[in-house]
Every structure is written in structure tokens, then in C-alpha cells.
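The chain below stands alone, shown as C-alpha cells; this is the form predicted alone.
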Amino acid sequence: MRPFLLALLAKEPAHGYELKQALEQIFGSAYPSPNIGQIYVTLGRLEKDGLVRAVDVEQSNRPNKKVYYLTAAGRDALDAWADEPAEGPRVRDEFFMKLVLAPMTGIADRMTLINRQRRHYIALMRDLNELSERTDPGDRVALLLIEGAMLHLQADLDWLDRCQEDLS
């Protein structure tokens, strides 16, 4: 959440609800709507770390609101985030650990685990297909996010097939 808020604040100063709305507008229904409490907690931590500064803005008919501005340190952190590659493949995959260790301890059968995980991935794929069908065709960002998730799921399904072949 931290780099996302910093990126939005690099565009323009904003208060928490504006940041929440911006995330929802940019990513659409494909991205889970952020919790406003999480946004304000994150903004507080960013302020404590010197990455943003808050200015109280008076409002006539409402309580004052805090508008957040990106600091120079925040810009440096944002630049560092943009320059870093995102996480790559999962070497410590929880399912694979379960697949190897559970049968050794006698708590689960490998085929049962593989089939359960396959059903889970297929259900997720179905949900993503439905989400894609409900998404506005002009919302390219949301559609690309959904497509990326579906491609990852397809790769996970292919990997399950490989696990079944090699470990059975």
C-alpha cells in the first residue's frame, strides 16, 4: 500500500478518501477496494517516516481534513520502488511444502492435496472470468490485471499437472 499511496501523491496532494477513490477509479473492480482505515494508518506511518507531510485544511461545514503531500524523501523512496524489479517466482511455495511434508507425516495424501488445490485454482479462474465479463471493455487496466491473474493461475494449474506426474 505504501508505494501506491506515494505514487498517487506524486501526482498531486490528496486526503485519504481521495486516495481511496483514485485507487478504485484507476484499477476498477479487478483490484480489491482498499479499506479507508488501512489507508489512514499507512498515511500515518508514511508521515512518521518523513515520506509525506500532512497539512490540516479547514472546512466550513465539516471537520478539518488532512491533505497529504509527498516529501523529497518520499520522492526518493518512490523512485527506489520504481527502479526495483517486482518479486519473482516463489521458491518457498506453501502448497509445495504441504505437498511434500503432509504425506511424509501421514496427515494427507498427495493426490487429495493436488486435486483440492486444482479445484481451488479452477474456482478462482471461474471467478476471474466472471469478473472479466462484468468489467467495462474500455477499462484496459482492470482487464490487464485480470488477464495477468488468469495467466498466473493457468501456470499454477500446469505446474500441478507436473507435480502429479513427477510425485505420483
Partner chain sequence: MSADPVVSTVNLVKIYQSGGVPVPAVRGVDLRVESGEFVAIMGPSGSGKSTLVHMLGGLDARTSGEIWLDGRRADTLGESAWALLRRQKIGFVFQFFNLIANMTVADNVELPALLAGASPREARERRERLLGALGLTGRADAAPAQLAGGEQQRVALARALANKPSLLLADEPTGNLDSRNTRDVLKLLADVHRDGQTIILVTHDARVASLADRVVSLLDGQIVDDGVVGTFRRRPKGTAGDVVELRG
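Numbering follows the first chain given and starts at 1. Just so we're clear, the structure is a prediction, and the values are computed from it rather than from any experiment.
The same protein has a further form, the form predicted in complex with the partner chain, not shown here; the description that follows concerns it.
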Quick one: in the predicted bound form, does every one of 42, 73 and 92 get a heavy atom within 4.5 Å of the partner chain?
no
Do residue 118 and the partner chain come within 4.5 Å of each other in the predicted bound form, heavy atoms counted?
yes
Considering only heavy atoms, tell me if residue 130 and the partner chain come within 4.5 Å of each other in the predicted bound form.
yes
Even though the partner chain is not shown here, does residue 123 get within 4.5 Å of it in the predicted bound form, heavy atoms only?
yes
Answer yes if any heavy atom of residue 10 is within 4.5 Å of a heavy atom of the partner chain in the predicted bound form; otherwise answer no.
no
In contact with the partner chain in the predicted bound form (heavy atoms, 4.5 Å), from 58 to 66, 45 to 53, 95 to 103, 26 to 34, is stretch 26 to 34
Though the partner is not shown here, which residues of 47 to 83 have a heavy atom within 4.5 Å of the partner chain in the predicted bound form?
none
